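Heads up, the chain below is alone and in the form predicted on its own; it's given as structure tokens.
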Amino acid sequence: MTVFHLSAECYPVAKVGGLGDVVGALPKYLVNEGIDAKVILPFYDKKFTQTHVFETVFTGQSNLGNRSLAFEVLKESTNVLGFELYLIKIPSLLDRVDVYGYPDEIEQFVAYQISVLEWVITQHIQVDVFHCHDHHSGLVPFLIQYSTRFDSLRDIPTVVTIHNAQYQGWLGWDKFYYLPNVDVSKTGLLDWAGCINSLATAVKCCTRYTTVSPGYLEELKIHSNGLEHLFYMEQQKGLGIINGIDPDVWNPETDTMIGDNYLASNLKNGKALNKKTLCAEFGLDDSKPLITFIGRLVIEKAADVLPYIFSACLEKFKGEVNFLVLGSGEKYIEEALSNIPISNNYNVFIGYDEQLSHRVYAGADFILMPSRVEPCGLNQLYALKYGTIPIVRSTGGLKDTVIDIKEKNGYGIRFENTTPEDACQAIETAIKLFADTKKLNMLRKKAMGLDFSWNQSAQQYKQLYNSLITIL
């Protein structure tokens, strides 16, 4: 069985968030399950593409409306990622550094999708399932059914995984002509709220859609940035599958990015050594509990509330807790966090640093995730693997993966509302837990023993693919 994964991100080629981590890991585990999983990505002029060997396997032409585009398909030659990786390169369109943020981003991703399909039909490539990730490839299920250009692909089942429904790939109807040879009687499948909505189109036209946690599957019917009714109407096609983490990358025993490796059996010393180094780097008091936030400084992560949480706790607990922030995003949030006085109880690193994030997971005692929206969340899973206790809001995948310590078999701290008051109360619980060394170490060992690897999730996706091929 051959499955094409279409995505805007794939770690370590190009990563902005959790989407990159998932697409960089899931295909490898599908290969282990006997599936020929391939990833097709837009080309980015990044370190990975500059330092790895690629061969051109196809050159062709695609059209974006009346604009003719020459494109190349490049294949990574060594399968270093554990699966076949292909890049779609279009001069002056898909050959840039950044993944997002260009004024012609819509043109970039529409051209990417059309070019992938052109390559497949021109080369008569056997594809058993198209697996599309988020809105960046959300037009593919529509195009293979309702564009006469891609008639030969019509019977191929499509799976769409929704990593984050807040971003939907909106196009004005003035750009409808970008789509080749479309049956105009089917344009209603493209429409949502008066514009072409790539994610809504994907949900309407795909064979099945998945979300990255069962909890998020249910939440989409209540909070999905305008698509609530659609997810309610299409709920019979939905399936929630928890994301996994890649233990080849996230493992304190083997992680080359941390200073001192450790196992559950020696985690007390291992955590202490990593914490001491990290606190020395950022001028923090390593005798106090260290609570960190790692991630994008955006509203959906409730990062706008962080300055109020930290200021309130620093005042309330007066030197009894440390906070360390690693992230970037909205400038006003960056500025608010940077304006909190640096001390031996608070510091902030504005930016993205993969190696530093590993050191923080290894050295921190707790990770704070007050998210308004968290489809699955990977940070809490990474933290658990490193014996770092999550403090999370009960939403989406956070609720699915973190059991509160007040419950049977609990190992984390949960709170209900994205408010400084609720977060500070949860942080007070963490401070008390830190003082109970015996209980803390017991919970750390339990956390490190949890299995959130991709093996189980990959098996669920395999079963899904098999069911679709059997039906068709």
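Everything numeric here is computed off the predicted structure, so don't read it as measured data. Residue numbers run from 1 along the displayed sequence.
What comes next is about the form predicted together with a small molecule, which is not displayed.
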Looking in the model of the complex, any heavy atom of F231 within 4.5 Å of the small molecule? no
With the partner left out of view, is V16 within 4.5 angstroms of the small molecule in the model of the complex by any non-hydrogen atom? yes
Considering only heavy atoms, tell me if N379 and the small molecule come within 4.5 Å of each other in the model of the complex. yes
The small molecule contact in the model of the complex: R372, any heavy atom under 4.5 Å: no
Each of Y44, T49 and N79 having a non-hydrogen atom within 4.5 Å of the small molecule in the model of the complex: is that the case here? no
Which of these residues, N345, Q108, S147, S357, gets a heavy atom within 4.5 Å of the small molecule in the model of the complex? S357
In the model of the complex, the residue from F282, Y262, Y352, Y178 that sits within 4.5 Å of the small molecule by heavy atoms: Y352
Name the stretch, out of 296 to 304, 190 to 198, 149 to 157, 218 to 226, where some heavy atom lies within 4.5 Å of the small molecule in the model of the complex. 296 to 304
